[in-house]
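In structure tokens, the next block holds one chain alone, the form predicted alone.
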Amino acid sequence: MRILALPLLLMVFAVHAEVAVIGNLRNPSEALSAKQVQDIFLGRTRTFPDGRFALPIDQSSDLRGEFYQKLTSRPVEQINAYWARIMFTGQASPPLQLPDDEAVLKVVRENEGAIGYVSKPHADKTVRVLLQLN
């Protein structure tokens, strides 16, 4: 019974992990609203509120579904359908997808305009937390 309970317990923690939206330390934005992050990740804007270019970095990991669910209240399948429609019309391209938190952290550290998301425990002092999604 204990053997079965441990994976179930780990799944519960994984489902309810906090997500941190992060930016480069040189990014002058101290914080962003959920609406501002939505607009950047859904391709509605290509800039931060101060007018600087924003480079959204997505993930192909399991965290992607949780990020979009918490940010937009929509499942990742709807986000994929949204991007398929936008790409078909040629209006925009979806954010670059990287495999995991470490890859996102590396790109955000190296690019002033990059904005990404990681599980909150991975957001260290080498990046700026712009928004927390609980």
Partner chain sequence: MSCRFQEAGKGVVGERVRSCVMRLGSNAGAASFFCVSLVFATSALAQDLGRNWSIKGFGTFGVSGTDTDQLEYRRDISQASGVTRSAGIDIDSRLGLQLDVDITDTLHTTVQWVARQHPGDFFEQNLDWAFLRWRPAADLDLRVGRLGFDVFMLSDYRNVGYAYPWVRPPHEFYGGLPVYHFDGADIAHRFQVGDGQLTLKGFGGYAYYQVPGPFSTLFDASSALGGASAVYELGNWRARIGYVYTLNLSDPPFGPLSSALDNPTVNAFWPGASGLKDDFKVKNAAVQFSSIGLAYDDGEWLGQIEGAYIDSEVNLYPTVANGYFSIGRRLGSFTPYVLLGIAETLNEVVDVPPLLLPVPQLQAFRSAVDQALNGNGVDEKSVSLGVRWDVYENIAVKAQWSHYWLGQNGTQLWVEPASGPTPDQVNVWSVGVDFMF
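Since this is a predicted model, take the numbers as computed values, not measurements. Positions refer to the first chain, counted from 1.
FYI, the form predicted together with the partner chain isn't displayed, but the following is about it.
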Heavy atom to heavy atom, is Asn111 within 4.5 Å of the partner chain in the predicted complex? yes
Any of the heavy atoms of Ala31 lying within 4.5 Å of the partner chain in the predicted complex? no
Taking heavy atoms only, is Pro94 within 4.5 angstroms of the partner chain in the predicted complex? yes
Is there any non-hydrogen atom of Gly43 lying within 4.5 Å of the partner chain in the predicted complex? yes
Note that the partner chain is not shown here; using its position in the predicted complex, name the residues of 31-59 with a heavy atom within 4.5 Å of it, in sequence order. Lys35, Asp39, Gly43, Arg44, Arg46, Thr47, Phe53, Leu55, Pro56
